[in-house]
Ligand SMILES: NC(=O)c1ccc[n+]([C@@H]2O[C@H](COP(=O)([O-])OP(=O)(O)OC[C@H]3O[C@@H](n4cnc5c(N)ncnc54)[C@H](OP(=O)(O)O)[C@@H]3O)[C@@H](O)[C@H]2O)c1
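The chain below stands alone and is given as structure tokens, in the form predicted on its own.
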Amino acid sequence: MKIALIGCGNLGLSILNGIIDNPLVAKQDIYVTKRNPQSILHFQELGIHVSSDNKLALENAEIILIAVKPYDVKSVLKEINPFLNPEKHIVISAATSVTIDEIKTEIQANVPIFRAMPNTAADIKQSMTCISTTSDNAKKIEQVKSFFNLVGNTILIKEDLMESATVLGACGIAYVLRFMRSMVQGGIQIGFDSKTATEIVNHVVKGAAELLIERKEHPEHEIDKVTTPKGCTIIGLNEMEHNGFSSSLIKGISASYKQIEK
């Protein structure tokens, strides 16, 4: 794969870290651009091309991943438009709320256009990436899925669900981490030091996720296994629910979605 990564903020950097040591991607085939590239120049030592020149990146890439802020997408598209080749390039936007139709209005060339919403777990090849496109080119779709499979798992969804994917799949990382932080704080309150509580919580959450992934069961099925009559687990769960645990999480997800929809 020959890749141009335009924009290298937190998300772009996570994707770069996720693909950097993959044998399917030669380091000399990765072109990374940033308006002020000083903070990422150290990647040059690995053989990666780093610059502020988007034209150079396009000339040497097939997959073009735009990972800039939503308000910068149109200006980037206008800049790269003269250099796009329909026979060579695939354009992928990782920007929230910028639709495929909006991208098409800035691009004259009839290149395949995709939207993708990875998350920062791409850094360790554990992203859940949602992809949408209006292209019917099965080869190009598979090519994009293969790229994001390098940094985790992928799922193809309808474009009208991309904002929902942003909330559940990308913002969701923060929700889970805040939950984990609260568990650590609770662990400290009942006697553990911070380091030990953190280690326990990290592995408990990882185990819970792997359990559902492997067994393909509903969470309640696994919850029932550890909630015995009059036991400490059901007492704790009920206390959390009485204080709005599930409802506050659902309200938070809904609030994030409404913010995107503004």
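Not measured: the values here are computed from a predicted model. Residue numbers run from 1 along the displayed sequence.
The form predicted together with the named molecule is left out here; the points below concern that form.
No residue of the trio 131, 161 and 164 has any heavy atom within 4.5 Å of the named molecule in the model of the complex. The partner is absent here, but in the model of the complex a heavy atom of 35, alone among 55, 195, 215, 35, sits within 4.5 Å of the named molecule. Taking 96, 81, 126, 149 one by one, only a single residue has any non-hydrogen atom within 4.5 Å of the named molecule in the model of the complex, and it is 96. Although the partner is absent here, residue 221 lies well away from the named molecule in the model of the complex, with no heavy atom inside 4.5 Å. Among residues of the shown chain, residue 69 is one whose heavy atoms approach the named molecule to within 4.5 Å in the model of the complex. Among residues of the shown chain, residue 153 is not one whose heavy atoms approach the named molecule to within 4.5 Å in the model of the complex. At a distance threshold of 4.5 angstroms between non-hydrogen atoms, residue 117 is in contact with the named molecule in the model of the complex. Contact with the named molecule in the model of the complex, defined as any heavy atom within 4.5 Å, is confined among 104-112, 175-183, 73-81, 137-145 to 73-81.
Heavy atoms closer than or equal to 4.5 Å to the named molecule in the model of the complex belong, across 1-22, to the residues 6, 7, 8, 9, 10, 11, 12, ordered by sequence position.
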